[in-house]
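First, one chain by itself: the form predicted alone, in structure tokens.
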């Protein structure tokens, strides 16, 4: 056995030193960010109301995906935004002497967007929950809702009790009032981003029940003939939220909302939306003691602890598992598509080309939605299977182009020489062309695998709790995005960097061969 070349040893030492330096730098950055994130934000001196009046507009953040009756685009009137919260925002802004301006924002990220100044207040079915109290300033409520449990009509065993929910698969919106209720009840929570998807899954038997606000249940769950209302389990409130360091703006909006309620305008707004009921009467006599009771006195802020770390590791395991199985599907399927496109009969070659162009030309998020929800009546897949199949079929299109480039890079003379020796075309491809093509394609395949690790975060839209989704859930618990984000980034790096090292060594080995 020959001794290692000094130059090669030096090169390996340099690479190891670079890797160590990167890890040390990342660790130092995470510690610094964590130290910065642990310090409270200094108060702004109450400049919120002055800013709103100087701009002559109240910017309110909401997610139009929430749909009817909150805020949605009316297709019959040119896509104009309508909804009871649009009317309420206009009424509050009028009381402040300014105009209301809608700002679109993902519902799960409303709080960090508010904190960074994307808009002035949150007004979007934003529930008062223990994890939010103390992080934002809530006004008096403008709607009292009930958390409503629904089940399949054929399932008579479902009960609106904590005892029944324990250990059951119950769907709800991530980081919502019902989410926290189910977590306290020790249910197996199935988190969603939209309001219609939980009821689709429930009807398909992918969950045992759905717990959501009665407004949502009435619009999206109750019209389904195969579902039934089990009962209401708890009451909650919607309120307007302002930044914690802007008590003047919160007080001004609270006063404006009080005048809107006292004048009867809120009742008229709710009646037009068809959501006025007896529960709303308590808002008409709302007092300071009611406000204190709604907000509570207990600070539920959590510190990042060992339980959170274990949940992050579980999310990382899910990410790695889904990505690996999806790539195991993408590689052979991509190779098959490439071979058919280059050597198959013309009709099959055109079909393979069409597959590649369609999958490369449409977003993977759309493909996941169609596979899991759109084809639910035809293809009955659970969430992990749909995630693996969706990502694998998408990346197969990219792998096909990688292999096609690799095959075409092999000199044609080698194929002709193999055929002249009596080999069939399949045998020549298997023994001569494809081994060389795979060596040429390996760097791109590795790069695609690393990209797939990160794209796997999209599968959270079909209820798979992977690493990024776990980060967003933990960020709400600890009321900070810095440390959870740093831990999430570190785990992604820990998964992708060793893969790149293994790929480089495999490339070197194949080059020597």
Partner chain sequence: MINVESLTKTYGPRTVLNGVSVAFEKGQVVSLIGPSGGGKSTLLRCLNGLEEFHGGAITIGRDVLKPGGAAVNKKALASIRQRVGMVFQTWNLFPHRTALGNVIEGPVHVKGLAVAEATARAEALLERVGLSHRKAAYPGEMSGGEQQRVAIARALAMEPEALLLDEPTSALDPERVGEVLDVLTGLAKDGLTMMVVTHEMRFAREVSHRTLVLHGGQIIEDGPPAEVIDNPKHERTRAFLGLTRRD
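Numbering follows the first chain given and starts at 1. Being a predicted model, the structure only gives us computed values, none of them experimental.
This next part talks about the form predicted in complex with its partner chain, which is not shown.
Checklist line | in the model of the complex, segment of 306 to 314, 184 to 192, 409 to 417, 328 to 336 with a heavy atom within 4.5 Å of its partner chain | finding: This holds for exactly one stretch, 409 to 417.
Notebook entry, point to check: Heavy atom to heavy atom, is residue 436 within 4.5 Å of its partner chain in the model of the complex?
Noted result: Output for residue 436 is yes: heavy atoms within 4.5 Å of its partner chain.
Check: Any chance residue 361 has a heavy atom within 4.5 Å of its partner chain in the model of the complex?
Finding: Because no heavy atom of residue 361 falls inside 4.5 Å of its partner chain in the model of the complex, the answer is no.
Note to self: At 4.5 Å between heavy atoms, is residue 347 in contact with its partner chain in the model of the complex?
What the structure shows: Residue-level check for residue 347: no, no contact with its partner chain.
Checklist line | Contact test in the model of the complex: residue 233 vs its partner chain, heavy atoms, 4.5 Å | finding: Answer no; every heavy atom of residue 233 is more than 4.5 Å from its partner chain in the model of the complex.
Notebook entry, point to check: If you check 251, 423, 294, 365 against its partner chain in the model of the complex, which one has a heavy atom within 4.5 Å?
Noted result: Selected residue: 423.
Check: Pick from 272, 80, 431, 259: which residue has any heavy atom within 4.5 angstroms of its partner chain in the model of the complex?
Finding: The residue in contact is 431.
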